[in-house]
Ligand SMILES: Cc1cc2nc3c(=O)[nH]c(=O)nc-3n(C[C@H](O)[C@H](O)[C@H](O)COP(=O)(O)OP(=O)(O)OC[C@H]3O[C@@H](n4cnc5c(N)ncnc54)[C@H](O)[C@@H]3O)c2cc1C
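Quick heads-up: it's one chain on its own, the form predicted on its own, in structure tokens.
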């Protein structure tokens, strides 16, 4: 196995262009498991650890995205996201706290989750829920390409990157309302999700965001549930009043989230259990975020 160790981003892009099958490695929390169990044996590894710009983040405005955006380097570890970005990236920060052990959170990154594209990746539901203005910066010697998060996942552990592309950063809008993440497993962390759910309120444009994990061939959003709830909040004036959504609407939202999944039976859980769990998580995360939202309205009015 060849080991490539570029010192700069340009060198990394050149190495990837010359060796399209080279497997990128940074934190190595997934890659090393595959290697150690001999599940995957690439011809070359492309070590990105010397490229410090991948471990930085910045906030700003970008063409094609409304409002303030966090440009998150692909190798920023979860431990820093939870420490430094718990406000602007609330859902992703909550999800990051459920990833592996403290040691894994010190190494694992969103870019690694995206590169592996596992349906069970903890970052995916939060990224989907953050809205349709989330973009992955894919770069090669040919230039930079922005991939909308909804177009990124194309199959089981398959993404839409070209063979010569690397993930440089992820552009995520700053949260304009409460966000949540919930995960079912045998314990709170250090476990692969039986299923997971991300949820976000977007009061500025009157929409809601969802993300389903580990309950379909790819991470996906529950589009019908999003539309139902957005219509419910708008038609009843709840964004302005902060009134009660009501048990019937909460129940229907959970049902629509469950219906959006296409789970399978496996060693971690049955398809029926996953559907049931998603409905419960959808109802709970909606309740938690709506309570937080109404509290913010009361505080602003005080």
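Residue numbers count along the first chain shown, from 1. None of these values were measured; they are calculated from a predicted model.
Just so it is clear, the following notes concern the form predicted together with this ligand, a form of the same protein that is not shown.
Though this ligand is absent from this view, in the predicted complex it lies within 4.5 Å of a heavy atom of just one residue from 171, 145, 107, 80, which is 107. The partner is absent here, but in the predicted complex a heavy atom of 100, alone among 185, 203, 217, 100, sits within 4.5 Å of this ligand.
Proximity to this ligand in the predicted complex, taken as heavy atoms within 4.5 Å, picks out 121-129 from the listed stretches 205-213, 81-89, 121-129, 219-227. Residues 179, 233 and 292 are none of them found to lie within 4.5 Å of this ligand in the predicted complex, as judged by heavy atom distances. By the criterion of a heavy atom within 4.5 Å, residue 149 is excluded from the residues contacting this ligand in the predicted complex. With a 4.5 Å cutoff on heavy atoms, residue 68 does not count as touching this ligand in the predicted complex; it lies far away. Shown alone here, residue 111 lies within 4.5 Å of this ligand in the predicted complex, counting heavy atoms only. At a distance threshold of 4.5 angstroms between non-hydrogen atoms, residue 167 is in contact with this ligand in the predicted complex. Along 1-24, residues 23, 24 each place a heavy atom within 4.5 Å of this ligand in the predicted complex.
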